[in-house]
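A single chain, nothing else alongside it, follows as structure tokens in the form predicted on its own.
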Amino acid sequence: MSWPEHPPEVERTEYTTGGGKPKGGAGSRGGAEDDRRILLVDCDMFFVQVARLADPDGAGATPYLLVGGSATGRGVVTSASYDARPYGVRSGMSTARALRLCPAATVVPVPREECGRRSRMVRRSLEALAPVVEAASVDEFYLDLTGTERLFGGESLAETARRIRRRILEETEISVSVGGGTRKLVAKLAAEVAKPGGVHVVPAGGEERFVRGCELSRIPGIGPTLLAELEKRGLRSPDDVLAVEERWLEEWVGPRRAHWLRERLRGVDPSPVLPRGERKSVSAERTFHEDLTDRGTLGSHLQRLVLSVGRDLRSRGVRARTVTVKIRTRDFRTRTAARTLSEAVESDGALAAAARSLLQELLGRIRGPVRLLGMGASNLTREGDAAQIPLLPREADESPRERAVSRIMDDLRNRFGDEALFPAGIIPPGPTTSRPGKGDGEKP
């Protein structure tokens, strides 16, 4: 029996405060901020949907689906179907543990190329429906519809959201949930309420009341460290935090963080929706079929990751000043090392030199075999940006010739396939499980 590819559309009751739009008061700051019309379009269990679309007779035929890792238990879950989540399965969990919690689950690898293609399809559809679209991740998109009331015939933001949701499903076969409000923070939290396959809009004036009804752990920006600090003081809800005198909160978490936290919990978020936001980093990682101890083999796998990251950088016309290497050992402990170079680089040689040094540093700090290896590049700049004058001796020397050679190799691989040309010493690819780099994963 074929399993449904999309959850049924769920109509959510629009959150209201009674009366018209207030001009001030709790949760409202008045002015242009209250006139904004912002939506967050969140693709429901995106990687699961794409896996089912790519293989309807396999992944599409089971309700209990894990995307990421392998059936042998290696790797990490990138996304789990809604039917598997009640068993305690979540993204970021080891596939072995997920299978222990949900033995009936089927595991499939991440269909990376198809995920990228479907994400671009969703974005193109949204750009035809909204004047400003910002891709927050591969499966989340902010829309700014401010000033479109007359263009859309005076329909409410909730009606617009439902129309957009139906259009995306028709054009891309991807089911989405949509949250709306006057601020990005509110739209983000409202999208969580709308899941799966629904629409939830918080009208102007209702921001503070809505945010105060959310769990602290669900509010963007409140990470585990801050959450633990608040819980240590007995503060377990937004109401608990806002009831504390400001001077005490400043003493506990610092003045700047205390101010940010109070504003956040009142629903205040002036950040704009920015079209075509630049990626802040490029990364790749690999989970090995068997844990590795041989440093030469790890170095060969690192070189493959360097080629992937370097090719991605060059295709985007950017260079990186910071290189990061990550390893995860058998006990699931993750360690990272990073280095910021004196100039931005793009060539495979310069990236590899920095990455090899970082890998040796990490291997000197661990004992035991390695189950995952990752490499990333950040602190990105455009090719035409003015170069920074180095104040210290250069850490990486990248000549125009090295850049040209790397681009020639890209052209050859584009023409003849990824396996057409590699530096000497790279081993053939083994049975590994890859998953998207940082910023490409799906939240539970």
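Throughout, rigid core stands for the largest set of C-alpha atoms superposing within 1.5 Å between the two forms. Residue positions are given as counts along the sequence shown, with the first one as 1. If you're wondering where the values come from, they're calculated on a predicted model, not measured in any experiment.
Omitted here: the form predicted together with the DNA. The next part is about that form.
Listed residues Arg266, Arg90, Lys188, Arg304 were compared with the DNA in the predicted bound form; Lys188 is the one with a heavy atom within 4.5 Å.
Distance criterion of 4.5 Å from any heavy atom to the DNA in the predicted bound form singles out Pro224 from the list Pro103, Gly154, Pro86, Pro224. From the list 163-171, 68-76, 343-351, 199-207, the contact stretch for the DNA in the predicted bound form under a 4.5 Å heavy atom rule is 68-76. Remark: Pro272 does not count among the residues lining the DNA in the predicted bound form, judged by a heavy atom distance of 4.5 Å or less. Of the heavy atoms in Arg286, some are within 4.5 Å of the DNA in the predicted bound form. Remark: Arg321 counts among the residues lining the DNA in the predicted bound form, judged by a heavy atom distance of 4.5 Å or less.
Though the partner is left out of this view, Arg371 does reach within 4.5 Å of the DNA in the predicted bound form, counting heavy atoms only. Residues are counted as partner-facing when one of their heavy atoms sits within 4.5 Å of the DNA in the predicted bound form; in 126-141 these are Ser137, Asp139, Glu140, in sequence order. Core-superposed comparison between the shown form and the other one: the C-alpha position of Arg124 differs by less than 2 Å. Relative to the superposed core, Val199 shifts its CA atom by less than 2 Å between the shown form and the other one. In this overlay on the rigid core, Glu208 has a C-alpha that sits less than 2 Å away from its partner position between the shown form and the other one.
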